[in-house]
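Here you get one chain, nothing else, as structure tokens; it is the form predicted alone.
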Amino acid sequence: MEKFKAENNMKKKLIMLFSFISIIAISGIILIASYYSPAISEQKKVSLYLSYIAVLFIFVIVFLRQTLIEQRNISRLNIEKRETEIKLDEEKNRFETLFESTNNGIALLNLNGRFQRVNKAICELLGYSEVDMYAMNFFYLINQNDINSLQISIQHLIDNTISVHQSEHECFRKNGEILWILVTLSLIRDHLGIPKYFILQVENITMQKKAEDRLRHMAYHDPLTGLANRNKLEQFINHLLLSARRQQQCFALLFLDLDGFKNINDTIGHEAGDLLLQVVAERLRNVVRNTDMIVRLGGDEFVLLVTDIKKTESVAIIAKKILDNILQAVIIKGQDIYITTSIGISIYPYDGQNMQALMKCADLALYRAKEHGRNNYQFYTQEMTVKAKEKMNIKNALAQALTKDEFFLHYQPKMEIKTRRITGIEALLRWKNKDFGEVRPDEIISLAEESGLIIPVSEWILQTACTQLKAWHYQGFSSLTMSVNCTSRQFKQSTFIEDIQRIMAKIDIKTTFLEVEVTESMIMRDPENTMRLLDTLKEIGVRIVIDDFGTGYWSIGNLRQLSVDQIKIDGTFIKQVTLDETSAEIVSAIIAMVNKLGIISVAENVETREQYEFLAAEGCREIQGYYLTQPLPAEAMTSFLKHPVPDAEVISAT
């Protein structure tokens, strides 16, 4: 461009000079001719001469002025050019500094993927020297299964339909090690818009991917036995139902429950109980085929799915083999332990068309097996509806529990490890009926949800718990919070938020002292609606707690997006932290992750000093469980708050 301007200026100068010379020459010729002409007087000759001199002077002035203007313009252009060169040098220096000092790998690639320039970080990441890199093609370093999708994105960059491409890939280092990298590609074009080369940015995300894999495995597997969990069961059975319907096949669902397992935990200890569960899981693996699935639902409950059965006799043979294998002695802590199991069996499609129906029928058959003396199996039959009627009677009793004032609350505290201060209380529902005795808490909630009573029951829990919290505040425990557990049925209630605000306003206590606990699995059932409600709860000041964390698969991004206040690490992991290295690593990873996000980590079901010390060392913020105290009535909890010494330490001191 500058060359073009210079040539144009030169042409203008030549034209002006040529015009000047031409005019002077013509004027001179006229002057000479006039001088020798006898017809012109001397006076006119003098006038012509003076005019010639004047014209010559004017042209000289004009030429000098134009030359001066051009010189000024050239000087200004040179200054601007120098300033531009300085700015370009500064930009180049900044680019060079950024290119070489960043921790992320950066490279320039030609349009075929060959390295044109690389920084130190990408060489160290991939394990190659700079010379090696210039002889290589980036596209050959990543997993070749990803090439097609990457080429499509590259074409979109070239077509200018996208400005930046980002994707995750497996990448191979020089020593053969596999890395996971986050690749960002952008395209540089020349002034005509023609693609010239790619800017490649590479970030090592191997640790993040491994953490995600661990969390994904945690989402679908039981940490104690390594068997599939309920999430995996739902996924597998939905696939199995589709296949069985299409191919008109039958499959069996076996529901197993270990007989007298609670006695083993109580007499020998939970550690022995966990070892026994692991042995049972291994024995179940030895019975089934690769196409079948074993699931641990929790506690001592297992589910076995037997696919493609031709006749019920084959299922009976499998059930008998399970009974025989489990009956064999297990040596734990030098003791021979014998345990039996009861099995309930339902058959698709005769006993149900979906998972819920099949589980319900197998559960009824399981109870019939226990009624028949245990250590046996029972197929579901219509006569088992008697059990269902009994369940209906319990539901009817539950419907009257509020009016009969049969509900009561127990409270379980949370303690901050660093300060040993009690930070909050969790409200736990209890129900004692004259006909059915003290009903299990999980059974109360299950029955309340099934019968549609969960809304009034939940309102009673919230009102009772917050009324008690206000009393504790008046007694001087003004920083205490109250946690209440919420269910999916509540979240479907259109007036859920308004009900909370109404109750809190009636009691005259701030919503900032209320903590709502939800589980990962509950969120994932209806993530859109649940996330919307949780956002609204946050807006009105309610704290959000994710309960049983680690048993589902909720992304880290969701934790950050929702601004979760606390996560409660599932108690099944806490039980294993001092016994199993994998569980310890998982708990450590969860604590580190949530601490980094600024979320309070709470360990549930802490029972021993060893567990407490492990959690303290790993930076866990708060604990809850029998290490502090068992759930207590309000009066007993008030006494505990006045002298909050953990039960375990009281016992160890005596």
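Nothing here was measured: the structure is a model prediction, and the numbers come from that model. In case it trips you up, residue 1 is the first one in the sequence shown, and so on.
Only in words, not in the display: the form predicted in complex with a small molecule, which the text now covers.
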### Task
May I ask you to check whether residue 203 falls inside a 4.5 Å heavy atom distance of the small molecule in the model of the complex?
no
### Query
Would residue 606 show up as a contact with the small molecule in the model of the complex if we use heavy atoms at 4.5 Å?
yes
### Query
Can residue 517 be called a contact residue for the small molecule in the model of the complex at 4.5 Å between heavy atoms?
yes
### Message
I'd like to check something about residue 461: if you look in the model of the complex, is any of its heavy atoms closer than or equal to 4.5 Å to a heavy atom of the small molecule?
### Response
yes
### Task
May I ask you to choose, among 307, 576, 412, 530, the residue with a heavy atom within 4.5 Å of the small molecule in the model of the complex?
412
### Query
Here the chain is shown alone; which of 252, 486, 295, 398 has a heavy atom within 4.5 Å of the small molecule in the model of the complex?
486
### Heavy atom contact within 4.5 Å of the small molecule in the model of the complex, the stretch among 441 to 449, 138 to 146, 415 to 423, 313 to 321
441 to 449
